[in-house]
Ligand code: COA
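Here we start with a single chain on its own, the form predicted alone, put down as structure tokens.
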């Protein structure tokens, strides 16, 4: 049996739109306030893309930075995995649009739809292509334009979700020299579409005047059920990341930026300090598939990734889906 090739992260990039949307902007639209939003979510502001700014535009911007950070050119990329639930089109894949915009003429590509778990599951997938030698450089882009599917009449969801993109290049560790991939996981539980979904637009409820009138093309979420699921899943995934090690070996947890109260509850359940968790939800809100790669990028820029320590990337979202990627920096 051929031995697997060690895998690492060779480059990272991120893109966040220019427009900042503070909590105060919602006060004229809804029965809410800055205090109500920040206390329940930890969010103070978020970013929204321009109307003419596409998901692929944001993904391409993050991708260009990640490729340059790796010291590569677009021609070096073998595969693009775009993780999103807000594609440019139902088809073709947004990965194809990103590849065209950055000039990755050699690359194959496809979209991976796993909502907030997207980038983690994309990273888990990409690492297997590199480890087996099937691909050398795989670009994973987590990108969302959730402002296009927000119901601005629903204060429980519209204040949470936002836009942005994060990108990561996975390569052989001998080339990457950092961010060693250790292991990962993927999980799901179907029959949960009533908890978190966009109900209409697929074959179950094709678009019609009725689905539009019922506002079924926007995000629907049952907050209490999501809270319980997220806290328990977060804690379980962090424990998976350190299997065979101790919490002393854990350098940083980089979680999906879902809700500050969820992050606090899960950290307490695991038995770690919030100082060991990277949080930027206060500035960006919940960007779904983009949240973990944006946070990982910013954790590196802030000097929070400690050499030799485990970095625990965990995510959970609609599907229900969940997964982890354990790295050693």
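The model shown is predicted, which means the values in this text are computed figures rather than measured ones. Numbering follows the first chain given and starts at 1.
Below, we refer to the form predicted in complex with the ligand, which is not included among the displayed structures.
With the ligand omitted here, the record of contacts in the predicted bound form names 153-161 of 166-174, 198-206, 153-161, 127-135, defined by a heavy atom within 4.5 Å. Proximity to the ligand in the predicted bound form, defined as a heavy atom within 4.5 Å, holds among 270, 54, 262, 61 only for 262. The contact residue chosen from 254, 116, 146, 123 relative to the ligand in the predicted bound form is 116, the criterion being a non-hydrogen atom within 4.5 angstroms. For the three marked residues, 32, 226 and 317, a heavy atom of each sits within 4.5 Å of the ligand in the predicted bound form. Remark: residue 258 counts among the residues lining the ligand in the predicted bound form, judged by a heavy atom distance of 4.5 Å or less. Contact annotation: residue 235 falls outside 4.5 Å of the ligand in the predicted bound form, judged by heavy atom distances. The shortest heavy atom separation between residue 40 and the ligand in the predicted bound form is within 4.5 Å.
Not displayed here, the ligand is kept clear of residue 72 by more than 4.5 Å at the level of heavy atoms in the predicted bound form.
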